[in-house]
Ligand code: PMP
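Quick heads-up: it's one chain on its own, the form predicted on its own, in structure tokens.
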């Protein structure tokens, strides 16, 4: 628990800490210890062609990455890969855009409504409005959506920004025009209990939030329908003519190491990540509990099939709130902490999204500044 005595004497750096983005540098120490096992050598004559596998619909997908993806999902037990097409993308952001494009292009009428239940991932708004496409239209919060016609619901589970487990909200099971994209970026055992093997039409995953290797820009989609997968591939071809082979080879190597060590007592990355995230959440909850100012969501425990025991959830982001009628993002900014405004996520000024994936020293500075805010508010300074 963070001690709050003598908060006036806290010595803080003058630097601004940016917890707005989800840059996952928290895992650097783990990968530094086993870096030699993840080394990839690429010669000047390697990987020169556009093509990876001409017999695959997704012809720019490296076969060894496809195999690594299947093996990891099988080892963790979080998603079905059988009888599915794997579409690789430059991060799950590109794949989400590709999926929205694919579903919209196959719809009977356009524009297709796109919705997500608030609080939602703020980038969904940007992804669906930036190019001003006539094929689809952002319609906002799924909780109040009742418009007739084709629609796409974006379901993120665990949810970004509030960490809750999500299902569809609109729920029109007999409507052939109802489509769903499931974003499982954070459905991994270091963030949340793996309660079942997910089995949906379109499931998105990202390399960056599993291992922390955000700079490689690799994501993948598991897609049931051949025509949807084909349209997604076409989108990526037009958008970027495939995906970097160098990034795919590096991702394949690291995912294989992840799979090989996931049952190890000493090198299990998911165990390492789970312990680290649990520790951070306990520190943050301790701070919030001692204050009469801030709030955090509570998450139910569940049995995790990967770890074989009942566990809590420790999301990648904290959905921090305040009991006061105040603009929390600006309050934090005055204390040199950048966060994502709740309004960007379809919520209000009393909430912000704070990344829990920063380096340890940055996280500790964040706790100190939050404690200082609490001290100032409680004393009226």
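Only a predicted model underlies this, so the values are computations on that prediction, with no experimental measurement involved. Numbering follows the first chain given and starts at 1.
Absent from the display: the form predicted together with the named molecule. The rest refers to it.
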**Fill in**
Counting only non-hydrogen atoms, the one stretch of 77-85, 301-309, 246-254, 155-163 within 4.5 angstroms of the named molecule in the model of the complex is 155-163
**Message:** Check residue 209 for me: does it contact the named molecule in the model of the complex (non-hydrogen atoms, 4.5 angstroms)?
**Reply:** yes
**Item:** Non-hydrogen atom contact residue 136 with the named molecule in the model of the complex at 4.5 angstroms
**Value:** no
**Interface membership of residue 277, the named molecule in the model of the complex, 4.5 Å heavy atom rule** = no
**Message:** With the partner left out here, check for me: in the model of the complex, does some heavy atom of residue 100 sit within 4.5 Å of the named molecule?
**Reply:** no
**Message:** If the cut-off is 4.5 angstroms on heavy atoms, which of these, 236, 185, 142, 258, is the one near the named molecule in the model of the complex?
**Reply:** 185
**Message:** So the named molecule isn't shown here. In the model of the complex, which residue out of 113, 192, 92, 128 has a non-hydrogen atom within 4.5 Å of it?
**Reply:** 92
**Asked** Judged by heavy atom distances of 4.5 Å or less, which residues of 113-129 approach the named molecule in the model of the complex?
**Response** 121, 124
